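Given as structure tokens, the chain that follows is alone and in the form predicted on its own.
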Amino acid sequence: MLSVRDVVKAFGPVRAVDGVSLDLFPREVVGIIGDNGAGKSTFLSLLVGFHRPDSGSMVFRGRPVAITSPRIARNELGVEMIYQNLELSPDLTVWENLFLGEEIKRIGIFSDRRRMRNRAAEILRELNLKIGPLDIVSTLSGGEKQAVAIGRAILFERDVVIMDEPTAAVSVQKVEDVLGLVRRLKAHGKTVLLVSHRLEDVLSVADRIVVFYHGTIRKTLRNEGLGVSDLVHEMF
């Protein structure tokens, strides 16, 4: 799906990303772990166009690409990042948040509200959620809000979904619900990058685990028989 080769990003004398190469495949969950300052966030910012690499290359679906802005990442390549704060509008409904900024137009500037509500209901059923398209987002639980953000990725057919600490703001009882949504993204054929300090969550859903250390990838591990102590050992 996406191939990154020898990517470098420096801020002054500090090489935040120092020669990183990584291949990402369809229908795969890749866990990204590492201590604070290991380069994880900067690497992801290159994938979504918030920063441009100083050197290196990226190939998306077999063709070289330059991800120069979040708009190109999202609309032209289908790379969606779901941030820790989710970037939802709490006073709007679920369906309005799903289509926010990408509304279906009926005639000219007029939005097709009925069509969007119906499509939102389909997505919610697909994700096996008990919330409705007319629910106000501020009334939802942390896990339900995470589901709305994930619903956007499915609604607009994003190929690569990057999730930043998806269980950080979720109650212990709802963590498994969020991890179930990650598995559903994989079942939909998506490539999922999961960044989390909760190593047990990464072990629960990841096919491979990439360990960042001082701007480099220290090791890539198949998630076979690993435990939290194994990941901590590789990180430190």
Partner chain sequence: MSGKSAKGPRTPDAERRRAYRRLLLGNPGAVRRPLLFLALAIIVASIVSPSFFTVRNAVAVLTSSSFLIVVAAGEAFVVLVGMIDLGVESVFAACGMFAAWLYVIQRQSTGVTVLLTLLLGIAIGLVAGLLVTRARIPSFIVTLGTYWGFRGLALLFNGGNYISPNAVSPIRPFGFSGIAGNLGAIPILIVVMVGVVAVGQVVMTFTPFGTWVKATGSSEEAARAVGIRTFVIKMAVFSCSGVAAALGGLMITAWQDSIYPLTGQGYSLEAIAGVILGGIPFSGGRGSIVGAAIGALVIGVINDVIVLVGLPALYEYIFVAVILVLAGLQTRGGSFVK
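Residue numbers count along the first chain shown, from 1. Everything numeric here is computed off the predicted structure, so don't read it as measured data.
Heads up, the form predicted together with the partner chain isn't pictured, but that's what we're talking about next.
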Going by heavy atoms within 4.5 Å, which of 161-169, 140-148, 96-104, 125-133 lines up against the partner chain in the model of the complex? 96-104
How about residue 111 - does it come within 4.5 Å of the partner chain in the model of the complex, if we only consider non-hydrogen atoms? yes
Contact flag, residue 118 vs the partner chain in the model of the complex, heavy atom cut 4.5 Å: no
Residue 155 near the partner chain in the model of the complex, any heavy atom under 4.5 Å? no
With the cut-off set at 4.5 Å between non-hydrogen atoms, does residue 91 touch the partner chain in the model of the complex? yes
